[in-house]
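First, one chain by itself in structure tokens, the form predicted on its own.
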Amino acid sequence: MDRADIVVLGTFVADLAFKADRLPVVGETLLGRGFAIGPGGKGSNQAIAAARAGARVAMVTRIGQDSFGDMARQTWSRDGVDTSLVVADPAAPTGAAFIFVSTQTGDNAIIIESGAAANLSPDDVRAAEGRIAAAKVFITQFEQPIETAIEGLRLARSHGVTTVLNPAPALAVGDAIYAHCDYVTPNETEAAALTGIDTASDEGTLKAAACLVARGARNALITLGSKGALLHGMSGTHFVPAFHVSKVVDTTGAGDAFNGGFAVAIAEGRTPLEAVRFGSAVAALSVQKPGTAPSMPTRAEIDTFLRANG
């Protein structure tokens, strides 16, 4: 691959998903209703979503020299993700995640251990500078060290690359990071944690978005699940409704699907509002299938869905 349209800095983890009616309380054992193991990690999920949606994608991460690391390489290979910047760390295992999926609602709860990706450093990012500079969009999250994410965003912006920060999981960070962000894309829970503003109402969500912009982001894009998304900042203020989904199977990875799809649309030169709609379509399709990376739709599926819901 000579050039990547999208470079993703983030983690790969093996998803260990358990289905049950509810989570157990401490000291309790419950019988499950299903189990699956598969590829995950926010960065990897976003890379797969973007690749299936039509972009050329490069992944910057660290994995262990173990069976989960083999799973990562096989996953990326199937979707044509460039792995030339992936480091095999001999001193740490590949990350893993425990995922509880409710059999009642499809909602999830997650515990993640980043493993080798926790060792991602600013030096790893600087080693990828040439590839980042040639990209159209750079995406990162908070599953790897914050200083590494900041360096990636800084380098990308210095080369005129559009930057997307998906601040998940939400962590306390200084305002300096936002100055490197064209788009900050928390969900409503993460936006509330980052700003201290209640996002239960439309007014509160708009206040949280305005707070993120005031801290330096060019645009705040807050995803609201079944309510849609709010885009606020240099691109204007727009509440974008979600697509109707008749049956939600599994919401795990829906945010990653949205971010990957949004990045593809931006890389293709679509307007921010069009990109939100495209990302929403990718997310709507993903929640109708189980799993994270396996649930990401193809470009043909996305285009068909958008035509049917125009």
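Here the structure is a predicted model, which is why all the values come from computation and not from measurement. The first residue of the sequence shown is number 1, and the count goes up from there.
The form predicted in complex with a small molecule exists for this protein as well; it is not shown, and the discussion that follows is about that form.
Checklist entry - Out of the stretches listed (22-30, 238-246, 48-56, 61-69), which one is close to the small molecule in the predicted bound form, meaning heavy atoms within 4.5 Å? => result Correct option: 238-246.
Next on the checklist: Since only the chain is shown here, I'm wondering whether residue 223 would be in contact with the small molecule in the predicted bound form (any heavy atom pair within 4.5 Å).
Outcome noted: Yes, residue 223 is a contact residue.
Next on the checklist: Quick check on residue 17: any heavy atom within 4.5 Å of the small molecule in the predicted bound form?
Outcome noted: The answer is no: residue 17 has no heavy atom within 4.5 Å of the small molecule.
Checklist entry - Taking 4.5 angstroms as the cut-off for heavy atoms, does residue 264 touch the small molecule in the predicted bound form? => result Output for residue 264 is no: heavy atoms all beyond 4.5 Å of the small molecule.
Checklist entry - Taking heavy atoms and a 4.5 Å cut-off, does residue 229 contact the small molecule in the predicted bound form? => result Judged by the heavy-atom cut-off of 4.5 Å, residue 229 is in contact with the small molecule in the predicted bound form.
Next on the checklist: For a quick test of understanding: in the predicted bound form, does each of 187, 251 and 258 have a heavy atom within 4.5 Å of the small molecule?
Outcome noted: Per the other structure, all of 187, 251 and 258 touch the small molecule.
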